[in-house]
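Form predicted alone, single chain, as structure tokens, below.
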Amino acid sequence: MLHHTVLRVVAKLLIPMILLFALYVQFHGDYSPGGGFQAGVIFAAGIILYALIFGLEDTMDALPPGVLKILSPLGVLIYAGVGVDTLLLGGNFLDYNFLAHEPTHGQHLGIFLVELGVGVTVFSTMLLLYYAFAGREPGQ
């Protein structure tokens, strides 16, 4: 792909916009359509576009599979940790009202943290799947 200058230039312009849009979807998921799952998919798509244009090896150097293998369960732990925290604070599992001094603030914080956990898990799992399939030799 070294000789595809136009693709490389366009990708350098598009990838930051894709990642920024993913962050927008992540942080506005409780106010508008979107959230953790959609943001994780969009963020992973931006990284996959990078891998398609600049090569799998460069992408794996920037985001090693070992880091992604830590991020996948970390997102699940964030999600479950919010639920356990609400239990410890006297509420039901994922009852966000107990997370802050005011129920409305607790709702916003709880939704944000749960969506963050979902986004991290979806992003890392999608990239791990891409690495697994893209790294295979043809015919395997």
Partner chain sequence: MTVLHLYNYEIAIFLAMVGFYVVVSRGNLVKKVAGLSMFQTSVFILYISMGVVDGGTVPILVEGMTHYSNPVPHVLILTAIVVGVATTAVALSLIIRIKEAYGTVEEDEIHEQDKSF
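Everything numeric here is computed off the predicted structure, so don't read it as measured data. Residue numbers count along the first chain shown, from 1.
Keep in mind the form predicted together with its partner chain is missing from the figure; the text below concerns it.
Contact check for Leu20: every heavy atom lies farther than 4.5 Å from its partner chain in the predicted bound form. Though the partner is left out of this view, Phe27 does not reach within 4.5 Å of its partner chain in the predicted bound form, counting heavy atoms only. Proximity of Pro33 to its partner chain in the predicted bound form falls within the 4.5 Å heavy atom cutoff.
Remark: Arg136 counts among the residues lining its partner chain in the predicted bound form, judged by a heavy atom distance of 4.5 Å or less. Contacts of stretch 34 to 49 with its partner chain in the predicted bound form, defined by any heavy atom lying within 4.5 Å, are made by Phe37, Gln38, listed in sequence order.
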